[in-house]
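Single chain ahead, by itself, as structure tokens, in the form predicted alone.
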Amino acid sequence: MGKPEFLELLAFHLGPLHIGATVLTTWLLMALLVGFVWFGTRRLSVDSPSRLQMALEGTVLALQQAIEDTAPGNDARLLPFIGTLWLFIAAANLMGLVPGLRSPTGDLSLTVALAMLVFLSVHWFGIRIDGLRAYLRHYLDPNPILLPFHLLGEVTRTLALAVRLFGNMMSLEMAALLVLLVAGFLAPIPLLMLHIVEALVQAYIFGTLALVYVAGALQSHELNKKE
């Protein structure tokens, strides 16, 4: 059900692993992003920057400011991960606009993988800053009896991240398909605008939640220092 996927014709098996359309689309997107960044940064100039350079610098500054507002003093540390996450998800959500392709974020396997990256990054930054023992100790605050609730919260918010993005993108594509079936091609532009807005909103929500989770681990470190 849905649009035919061109990359599904190129699917293959790598041992026991099935490399399907979602993985191929993700690889294609990664290659396009790397190529775009290389093209946009190969001739940087301070005196006469190009329009593309100014657009890239504006995007980086906007991401940096958003991170600084949520996790003050940690923008340089978090920008590579959070910025990449924001841009990748936005581009992945918009891949559904390309004829013959579907948004890879409409596949639960990819959104689970992204949520697991966020889960691991929270603990990575927490342990890297606090140390393993001090970081694990914060799960016992303010009372050790709350440990099961802390652990349950870690699992549920990770699942919520994955399911929220997957459900919203899948429902968006299904809604667009139903409208096209009913109205034919009388409403392509409104559907296009709806897809673009929703894709950007979902990328913003996912990236913001990831940032809040990581910032929470950093703030626990600040509280431990004050104590």
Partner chain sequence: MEFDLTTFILEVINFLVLVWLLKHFFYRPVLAVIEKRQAETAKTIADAAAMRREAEGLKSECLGRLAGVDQERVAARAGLAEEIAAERVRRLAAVETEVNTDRQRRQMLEARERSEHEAALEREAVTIAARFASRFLDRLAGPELEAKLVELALSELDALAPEKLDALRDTSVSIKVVSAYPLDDAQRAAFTLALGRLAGRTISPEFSDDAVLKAGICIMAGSWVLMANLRDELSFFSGNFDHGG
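None of these values were measured; they are calculated from a predicted model. Residue numbers count along the first chain shown, from 1.
Beyond what is shown, the protein has a form predicted together with the partner chain; the following relates to that form.
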| property | result |
| --- | --- |
| Residue (of 114, 71, 101, 122) lying close to the partner chain in the predicted bound form, criterion heavy atoms within 4.5 Å | 114 |
| Answer option from 80, 153, 131, 144, heavy atom within 4.5 Å of the partner chain in the predicted bound form | 80 |
| Which of 93 to 101, 72 to 80, 153 to 161, 133 to 141 sits within 4.5 Å of the partner chain in the predicted bound form, heavy atom basis | 72 to 80 |
| Residue 66 within 4.5 Å of the partner chain in the predicted bound form, heavy atoms | no |
| Heavy atom of residue 171 within 4.5 Å of the partner chain in the predicted bound form | no |
| The partner chain contact at residue 11 in the predicted bound form, heavy atom, 4.5 Å | no |
| Partner proximity in the predicted bound form: residue 49 to the partner chain, non-hydrogen atom cutoff 4.5 Å | yes |
| Every residue of 165, 198 and 212 near the partner chain in the predicted bound form, heavy atom within 4.5 Å | no |
| The partner chain in the predicted bound form - contacting residues of 73 to 108, heavy atom within 4.5 Å | 79, 80, 81, 83, 84, 85, 87, 88, 102, 106, 107, 108 |
